[in-house]
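The chain below stands alone, shown as structure tokens; this is the form predicted alone.
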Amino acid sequence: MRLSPDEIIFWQQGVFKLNATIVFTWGLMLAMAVGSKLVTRRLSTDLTRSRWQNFLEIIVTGIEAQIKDVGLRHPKQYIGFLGTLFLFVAMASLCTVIPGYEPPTGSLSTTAALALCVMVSVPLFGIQDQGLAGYLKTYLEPTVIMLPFNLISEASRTLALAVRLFGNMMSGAMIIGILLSITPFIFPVVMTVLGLLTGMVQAYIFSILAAVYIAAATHESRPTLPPTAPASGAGH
């Protein structure tokens, strides 16, 4: 039994390999890029809209609402990155209904790459919001003694993101594979449906955690204090 799509080799020349993780990752990205281009080529602002545009607007509106609920008050600034993360992980799970398909998120290399994208994006959004000096100052909060602990926290949460997603996706694929070999047809079908639900939940958790990390690195989640009104009796 395979533990990862990395073990499926389609082509190899010396140290260079073309495995299922690479093939299905690029295939998924190509399908998403072509699909989004086809859906958005005839967008309408009238009341008469295509079903695909309505479906797309439901997804975008839902993602924006979730980003705003995390505390990021300007969700359109982050929806390009967070929405892509969610849709990629979700599509990787939904495509498991296609025979022969192996989810690339079942490979630690894919989940580590996604987690590294989050690790790089967090300081970029933080610097964009607070400036370089302001963002670097957050590593010294609440005291300078916390600097090494803040750095360790940065690295450990990236590792946790990668391992959590990989563990959940890999275990789901293994359970379905075992059940297909030892049980009747109907039970693996039920488990496949449950696996799709688990995949969607994992996509949601991954993107929400990324949003929480970004909110913590910016001033977006911090409440804006109203201007203090001058005291009525001042100067008298």
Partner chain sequence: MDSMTIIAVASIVIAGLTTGFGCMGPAFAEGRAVATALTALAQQPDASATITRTLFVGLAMIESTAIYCFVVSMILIFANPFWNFAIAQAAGK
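A quick note: this is a predicted structure, and the numbers were derived from the prediction, not measured. Residue numbers count along the first chain shown, from 1.
The same protein also exists as the form predicted together with the partner chain; that form is not shown, yet it is the one meant from here on.
Asks: Do all of D69, G167 and S171 end up near the partner chain in the predicted complex, with near meaning a heavy atom within 4.5 Å?
Replies: Checking in the predicted complex: D69, G167 and S171 are all within 4.5 Å of the partner chain.
Asks: So the partner chain isn't shown here. In the predicted complex, which residue out of V60, I205, M191, V39 has a non-hydrogen atom within 4.5 Å of it?
Replies: When the partner chain is considered in the predicted complex, the option within 4.5 Å is I205.
Asks: Give me the residue from L116, A160, L124, L147 that has a heavy atom within 4.5 Å of the partner chain in the predicted complex.
Replies: None of the others qualify; the residue that does is A160.
Asks: Just one stretch in 25-33, 39-47, 197-205, 52-60 has heavy atoms within 4.5 Å of the partner chain in the predicted complex, so which one is it?
Replies: Selected range: 197-205.
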